[in-house]
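We've got the same protein chain twice here, in two forms, each standing alone as structure tokens: structure 1 and structure 2.
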Structure 1
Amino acid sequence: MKSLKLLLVLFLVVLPFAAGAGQTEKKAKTIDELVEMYDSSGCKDCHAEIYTQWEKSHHARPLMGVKGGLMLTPLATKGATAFSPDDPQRATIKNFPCFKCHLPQALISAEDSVAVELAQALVAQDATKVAKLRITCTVCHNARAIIHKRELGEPEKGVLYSSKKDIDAHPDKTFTKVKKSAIMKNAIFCGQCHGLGPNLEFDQPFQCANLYGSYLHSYIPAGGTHTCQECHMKKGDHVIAPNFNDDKQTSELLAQAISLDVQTLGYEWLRKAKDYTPKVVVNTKITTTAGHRIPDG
């Protein structure tokens, strides 16, 4: 009985701390507030080349799709999906399951009013407003930099995480330190968003990106050794190719990864006397050296 009482006391003492551990600071009420929270424009001062590369990447336009398309529009349109609200004014963060990967900071730092504003912008096809929402340097190098949170804790406030060494005096007003990440160079870092397949944690499960699942279940068992970063971020390139808005670059990358061998045999089939029917046999063989299935996301 004494042991039980002691456990109960410890539970009540620890509970308030545990409840507060996952809480964040004041949440954004508007898109502009959320943008400001994760603004990384200051990174450009010291990392101009990387910042310019990032601006060309899909991470800089995660809600815009390819060629400027507003890909989340169905989620704001009544009846278009199982998640769509009846009225944009009633939209919530939960109406946008794509935030899990396309805008993860919204799950951490945004109130439902941000979802309402986004839904209204999508219905109005306000590309300028939607384009403000980006996966910035801060998202990858802080908010998503730690996976094993039970062991390592949440990403520290004021700390950026890097694939390189620790820096005790980082010249930035907000992020004053840099710590080496345990996962930044590993495929699992990318796997957080470029996922394993079905998203079964939602009330209405849905199928989405399988890249990381394909990488783990096909490429690695077949003897593959490269990481996502080694193929898509050569020399630290933050465009993280392909940029699907760049047709030439995309075609070149696909040509490097996929080979197509086509063999044909033409002949005439003598079905009956003097009745020749032209025929052709086409054999195709597609070989890929990519670390995952193509296409995927």
Structure 2
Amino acid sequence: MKSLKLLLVLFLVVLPFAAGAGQTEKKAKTIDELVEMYDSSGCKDCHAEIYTQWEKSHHARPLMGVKGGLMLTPLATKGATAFSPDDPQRATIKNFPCFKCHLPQALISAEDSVAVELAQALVAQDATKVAKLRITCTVCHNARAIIHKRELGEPEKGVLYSSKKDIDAHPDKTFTKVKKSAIMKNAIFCGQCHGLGPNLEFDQPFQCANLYGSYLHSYIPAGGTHTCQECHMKKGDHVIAPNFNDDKQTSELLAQAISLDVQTLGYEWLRKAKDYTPKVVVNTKITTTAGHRIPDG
């Protein structure tokens, strides 16, 4: 009897934790299945403004590169990188270490067959298919909303996490609850993907974004106190600019953030007796208001 009770208790405790987004469920075999699992198009009905902002963001097209460059193409091309498979048919999730940050849901919920399909799409330059893979609302508001997993468990299925408050009855069909996330207001939430430096955990290390490292080791020591969200998500803005596909806006934001002071001087320098060199001296001073290095990467 006692052991049965223990078993029951164990079940009760373990179940909710194990049922994180896609965690114990069947994994996706195809790109469409993966897209379906993290589909956030339904959020548009009620959060239209945020949805439109998100659609303009890099998070909505994390495998497209800047201006549609399909930057994962070399990883699907034989011999082009240390990670590339010999044949796209034999690609596995491990051939795409970039998923760690560019598509974290693939690590949680995708079979290797998804990597095969992606590799084939990249070789064929099928941008429409690659574009389906996005850092959707639920990747941030569920899969990446908890990091203290030993204390707080895995993100729960059917629950969205907010930076603000618990909501017991959230009107979405799948996500019927909202809980407060411990980290969505903190810089570390973004730091999960924005890089500390070399990714040393792979069998061949490499480095992409290392902006969070710069934030931690340059901005914080200099006395900076703002979070990423405070600078990049004012009023909850989900464009999370810059959007490098919008040239005009990017130039404007950079012009606001970076100041350039130019001082010029013309004079005749006396090298040695009677030997004047006419000179122009240009002194420049550049400062930024960012909370990290500019540019990164």
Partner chain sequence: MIVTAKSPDGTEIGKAERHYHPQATNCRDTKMKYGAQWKVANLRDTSLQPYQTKADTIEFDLPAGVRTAEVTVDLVYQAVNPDNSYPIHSVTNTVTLDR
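The term rigid core refers to the maximal set of C-alpha atoms that superpose within 1.5 Å between the two forms. When a residue number appears, read it as a position in the sequence of structure 1, where counting begins at 1. All figures in this text were calculated on a predicted structure; none of them were measured in a lab.
Student: When you get a sec, tell me if the form predicted together with the partner chain is 1 or 2.
Tutor: Pick structure 2 here.
Student: Does superposing the core leave F244 with a CA shift of 2 Å or more between structures 1 and 2?
Tutor: It does not reach a 2 Å shift.
Student: Quick check on V66: with the core superposed, does its CA move 2 angstroms or more between structures 1 and 2?
Tutor: No, the C-alpha position differs by under 2 Å between structures 1 and 2.
Student: Can we say the CA of L270 moves by at least 2 Å between structures 1 and 2 when the core is superposed?
Tutor: Comparing forms between structures 1 and 2, the L270 CA shifts at least 2 Å.
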